[in-house]
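Take a look at this one chain, the form predicted on its own, written out in structure tokens.
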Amino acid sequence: MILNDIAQLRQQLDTPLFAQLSQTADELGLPCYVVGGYVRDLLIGRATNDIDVVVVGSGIEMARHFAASLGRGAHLSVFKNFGTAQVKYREAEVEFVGARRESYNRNSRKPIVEDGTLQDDQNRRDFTINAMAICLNKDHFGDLLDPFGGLDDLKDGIIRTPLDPDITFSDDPLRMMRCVRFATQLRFLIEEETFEALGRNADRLQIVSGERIIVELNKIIESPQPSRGFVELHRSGLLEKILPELSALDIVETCHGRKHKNNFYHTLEVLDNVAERGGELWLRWAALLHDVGKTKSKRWDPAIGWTFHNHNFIGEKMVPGIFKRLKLPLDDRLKYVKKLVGLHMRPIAIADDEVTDSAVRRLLFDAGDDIDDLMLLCEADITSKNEVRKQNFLQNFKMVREKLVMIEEKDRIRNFQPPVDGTEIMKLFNIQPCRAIGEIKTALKDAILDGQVPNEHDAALAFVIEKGHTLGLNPVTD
């Protein structure tokens, strides 16, 4: 429900915090307004504790007096270089800035900033729904100032720029990412002229840092239905600038009357499935990239049609390059996504065949603590329109999960460490590091994973002694 009654707005702002803001502004004689995202979210009933305040005058001066009026519980931070200040008080974070106007150099998204009026400040806002302001001064407390029809756009579910979208996006190209992000998070439509300007200005993204782009992209990925954002990024031409490997999946080829599925839209369906199941950010990244190797692996086989052999391994090798280019973290989060992309076909192969203990042990060994996320990804990957085939796969996945639990309880394979390690093998045979130790350790691991040897010390030691004999090694006795 959209609040559009002044009395309702005033009621929502009837809190001790806003009362103190109002009193402080009047004492200083400063016109003061709550603006931007807080107003938007207030109108649509979306709770937030981040409050943006614009002062026609010094935002820093207003922040200092406001913090002092709150007493010891308030924490003031001043950012003189940016002309802003922040006051943290209990659960709220109030950002203060003086009203300003901006102008841009074409080769930079950093504006030239000058003091301005409230109208100047509203003119520089990215979208109409973010350009509304509510007066906090006593005489006009709760009055909504909406020069661009943001309230109507909220009601209609529209994302639109206040001024010429080409100028808005060319001045600060990051706004294009924010445009798609807001449309995704709010489930709004992008107004036609605004959308067309995205395509015309897509090349301008090159002046935006990868770090800023990835913040917006992650917010799209973390939204309830991220596919909405990726469809808009793709339609506008922005996706090709950011993630051409994903954009390249939107192609369907036909040979001898047989065509393969569209792997781009399949990927988005998998991503939505993971999001619906509560998957965290990096699992969603794994879903987004799980089939990225299909473009390079696609082949036509006259006997069986289109194939994508080893696309998981090809995709796994592509992930580090994508992460590096996008300024994504190159730590354990990269390893996690890389692992899931590489392994995502394994549970499917097991579920499509007999679910053997050996295959499940090896899957558990390779996936380790990420096994549950891998299974969630693989279940999300079943998007077949053939309901019988889909249910058969899901039933088999259920069997795989049951065996994973049973085998882990019995054999303790997750994050497997051999019961007999290299140091004990060297001491047992009185040898220095050599190839034979590696052969024995590999043979022991395989024997345990294949269920030939229990995952316990005495049985493993007996196997090591027997394997040593085949290599001409004999245990040393005291």
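When you see a residue number, it is the position in the sequence shown, counting from 1. Here the structure is a predicted model, which is why all the values come from computation and not from measurement.
The same protein has a further form, the form predicted in complex with a small molecule, not shown here; the description that follows concerns it.
**Q** Can you confirm whether Gly37, Asp172 and Lys219, the three residues that make up this candidate site, all sit within 4.5 Å of the small molecule in the predicted complex, judged by heavy atoms?
**A** Yes, because Gly37, Asp172 and Lys219 each have a heavy atom that approaches the small molecule to within 4.5 Å in the predicted complex.
**Q** Name the residue from Phe264, Phe182, Phe148, Phe393 that puts a heavy atom within 4.5 Å of the small molecule in the predicted complex.
**A** It is Phe182 that has a heavy atom within 4.5 Å of the partner.
**Q** Taking the small molecule in the predicted complex as the reference, which of Thr194, Asn130, Asn201, Asn312 has a non-hydrogen atom within 4.5 Å?
**A** Exactly one residue meets the criterion: Asn130.
**Q** Using a 4.5 Å heavy atom cut-off, which of 320-328, 301-309, 68-76, 172-180 contacts the small molecule in the predicted complex?
**A** Flagged stretch: 172-180.
**Q** Is there any non-hydrogen atom of Arg284 lying within 4.5 Å of the small molecule in the predicted complex?
**A** Result no; Arg284 lies far from the small molecule in the predicted complex.
**Q** Taking the small molecule as it sits in the predicted complex, is Asp126 near enough to touch it, meaning that at least one heavy atom pair lies within 4.5 angstroms?
**A** Residue-level check for Asp126: yes, a contact with the small molecule.
**Q** Any chance Asp52 has a heavy atom within 4.5 Å of the small molecule in the predicted complex?
**A** Yes, Asp52 lies within 4.5 Å of the small molecule in the predicted complex.
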